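In structure tokens, one chain follows: the form predicted on its own.
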């Protein structure tokens, strides 16, 4: 996996988990199925701040309307993969 250039949903999920685990308040047993708000106890502001951090890391922008469909770390990774594929002309 290349963190700078993730190619798969699994790569992106690993990047997200790695970034989340940098926060000592995040439970240590998270995975792709972890629910961002319920399992990580993130409020909407914390979710927005974290998404902006991931956007910066991947040089993407997640449309606000897509955030409403994101519940788990895997959901976020799938959304980011779709955006990256569009940017790379692979959609």
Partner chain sequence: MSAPKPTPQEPGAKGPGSAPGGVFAKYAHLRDTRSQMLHASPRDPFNVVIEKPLSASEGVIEGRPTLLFGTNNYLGMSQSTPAREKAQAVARSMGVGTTGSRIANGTFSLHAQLEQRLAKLFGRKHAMVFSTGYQANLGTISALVNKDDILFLDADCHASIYDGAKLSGARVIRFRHNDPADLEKRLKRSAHESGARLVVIEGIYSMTGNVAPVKRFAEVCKANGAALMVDEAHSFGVLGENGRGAAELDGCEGEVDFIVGTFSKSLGTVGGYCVTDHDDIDLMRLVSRPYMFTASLPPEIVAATLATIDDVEAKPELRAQLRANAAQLHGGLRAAGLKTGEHPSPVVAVTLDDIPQALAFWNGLLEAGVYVNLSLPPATPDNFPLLRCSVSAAHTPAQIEKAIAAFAQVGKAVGAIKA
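Computed from a prediction, not measured in an experiment: that's the story for all the values here. Numbering follows the first chain given and starts at 1.
Just so it is clear, the following notes concern the form predicted together with its partner chain, a form of the same protein that is not shown.
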property	result
Partner contact for residue 29 in the predicted complex: its partner chain, 4.5 angstroms, heavy atom	no
Proximity of residue 38 to its partner chain in the predicted complex, heavy atoms at 4.5 Å	no
Touches its partner chain in the predicted complex: residue 59 (any heavy atom, 4.5 Å)	yes
Interface membership of residue 43, its partner chain in the predicted complex, 4.5 Å heavy atom rule	yes
Any residue of 36-54 that, in the predicted complex, places a heavy atom within 4.5 Å of its partner chain	43, 45, 46, 48, 49, 52, 53
